[in-house]
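Okay, so we've got a single protein chain in two different forms coming up as structure tokens, structure 1 first and structure 2 after it.
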Structure 1
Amino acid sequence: MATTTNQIFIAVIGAGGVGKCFLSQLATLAARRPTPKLSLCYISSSKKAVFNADYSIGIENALQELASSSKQPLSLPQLADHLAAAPSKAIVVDNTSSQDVADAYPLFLSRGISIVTPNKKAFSGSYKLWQDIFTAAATAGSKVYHESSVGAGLPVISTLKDLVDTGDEVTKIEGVFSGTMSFLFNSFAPVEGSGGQWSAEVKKAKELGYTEPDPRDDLNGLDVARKLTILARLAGLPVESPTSFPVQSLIPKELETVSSGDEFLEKLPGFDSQMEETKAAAEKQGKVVRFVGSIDVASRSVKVGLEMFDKSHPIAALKGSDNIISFYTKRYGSNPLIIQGAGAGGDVTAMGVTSDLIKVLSQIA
């Protein structure tokens, strides 16, 4: 259906850290780009929502309205109906990490509603969901972008897509894909100096807000496995799920089942010797240990875990919580194309989402 108004409606699911940063970037974008007019028409947290019959919510006051709203969020099929009935095209911005929302992507896309999101679950879950999402988008002509599902605002996915779409052959992808793991290993096994005890560094990372509330959710390696699943699929490997390849967990077996993150941190010092041995073995060879993910396209192998690197290697020299992703391709030869920078944080993650939104606007407006 041809749209009569030069207006795009935006529905925002999730108003947490990334959601708040995104709304402030959306306000700036709407002011800077008057056409098409960007209208916020729906916003929800897990408990509340704001939506009106006239599809209009002030972006500036959206969070206050949400806080005082007495409306429940619409069910996902109801939201799809609401957006499909809007006077012109609609885009869903999913700032959650919800599997339920991810499972509804094919429904939204099939109704002509585009999606931008940092939600990793949609693209790293079952391979069937992956296929359903892109089939629905292609069939209905709706768009789906997920730059921030890997490396926050770093242009990782767009770069990989450009390499593949222009006919380059990606041979290998390797890097540090977790801001948390980057921070931990840069302080536990620095290139200069001796670094701290493993358990102390994990505790510090949690206090500084780098880890999930339960640090085991970072240390099990699954977050990195999800990101590798996404990149491997984009590179052409039909990876079934993030648990279908070797992923090294850094959680001592005995602590996998303790009841809480706090109890885990309390008992972790008893297992420091394991990580100390790993660090010492690397030092003996003049190397440092890092938690990396790699995809070897030729041998179709994907893996996540600890590896040793020369101190001069770009992966060894990372600072803070930066990510680094190296693309080895036919065109780039033996020197990879490297993307490096902040791989976590609300503002940079939201920037990836906003930049995807701009791409969708250029295609549907």
Structure 2
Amino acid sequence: MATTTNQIFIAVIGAGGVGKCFLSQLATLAARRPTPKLSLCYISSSKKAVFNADYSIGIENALQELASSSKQPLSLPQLADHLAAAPSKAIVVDNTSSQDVADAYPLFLSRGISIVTPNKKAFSGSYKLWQDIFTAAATAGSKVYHESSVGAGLPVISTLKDLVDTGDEVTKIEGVFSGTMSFLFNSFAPVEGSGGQWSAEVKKAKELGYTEPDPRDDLNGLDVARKLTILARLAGLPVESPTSFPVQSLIPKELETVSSGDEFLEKLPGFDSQMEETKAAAEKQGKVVRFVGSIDVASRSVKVGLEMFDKSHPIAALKGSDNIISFYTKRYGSNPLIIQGAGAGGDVTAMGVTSDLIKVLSQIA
């Protein structure tokens, strides 16, 4: 195939809640922007894949083709070879929560393949992986964007980068960083009183597409810890890992060893009284309980867990899956820069991924 500069090849790994919404947004983008021509050349789930010798898959039919495909996914080094041999530049869109895929970013980037992703694992894994990713990108001139790894499509990462790059000094970042936790506490312990059953709300959050593939990754606080690790690193703190600071888990002790997410959800109703007690303790003080995180840059302290809030506090008054993230900086003084809005859900997350893709296109095409 002849080399062409006005075409970009897109490989999509992961076609779940976010991946499906991303494909729909990609179809719109490809129709609206004739150049560079956006060609879907690979799509995979954990068990199946679609790809061919002419690097061309119809975006509209990709999901049906994937469902009926008999091909297995390429290994990650094979995929890097396949994309590096494409007739023009390629971008990997990682819509999984896979650590293995995240670990392969330095390989893709070093082969000139750019990456956009909502997957937190690469940027909140070991500090060495973080360094390898940005070193590989800088050396090869490839790009890596991950806006949806914090606050879904909300402009959290881009805002923090802008603050830092323009020389502001970030002193503190705090707020609600989980769409799942926000939804759970807003519906289980609303400021108006009453509220749903904890375990039933957890099931609802999963059905609405807010949770991680395994909802225990939200309830154990690690999802928020990953997000804070990413933000802390961008703010200049070389946090080693999401387990290197205090993180409160909401997994009942008795369920810590169950083997699957499904079994966990089945058994959770038996432990609803534990969360009811937490809620009642806050109510006794006229307050509500919420799951929050904070990074204090000066004292280098990061923490994640439950706190009680007055009912008039903006964190108490959140609705749905909303996140609220406050940036305290030297320039903004005592009135923080605040970002608020839906922090989970397929469409809003895919929006962050697609807008990252547009940013990469503007730099490599």
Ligand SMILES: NC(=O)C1=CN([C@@H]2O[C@H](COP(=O)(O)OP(=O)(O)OC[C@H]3O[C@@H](n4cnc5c(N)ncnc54)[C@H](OP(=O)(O)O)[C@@H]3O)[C@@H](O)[C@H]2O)C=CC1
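Throughout, residue numbering runs from 1 along the sequence of structure 1. Computed from a prediction, not measured in an experiment: that's the story for all the values here. Between two forms, the rigid core is defined as the largest C-alpha subset superposing within 1.5 Å.
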Of structures 1 and 2, select the one representing the form predicted in complex with the ligand.
2
Does residue 88 shift between structures 1 and 2 by 2 angstroms or more at the C-alpha, the core having been superposed?
no
Residue 185: after superposing the rigid core, is there a C-alpha shift of 2 Å or more between structures 1 and 2?
yes
Return yes or no for residue 310: a CA shift of at least 2 Å between structures 1 and 2, with the rigid core superposed?
yes
Between structures 1 and 2, C-alpha offset at residue 217 (rigid core aligned, Å):
3.0
Shift in Å of the residue 202 Cα between structures 1 and 2 [rigid core superposition]:
4.9
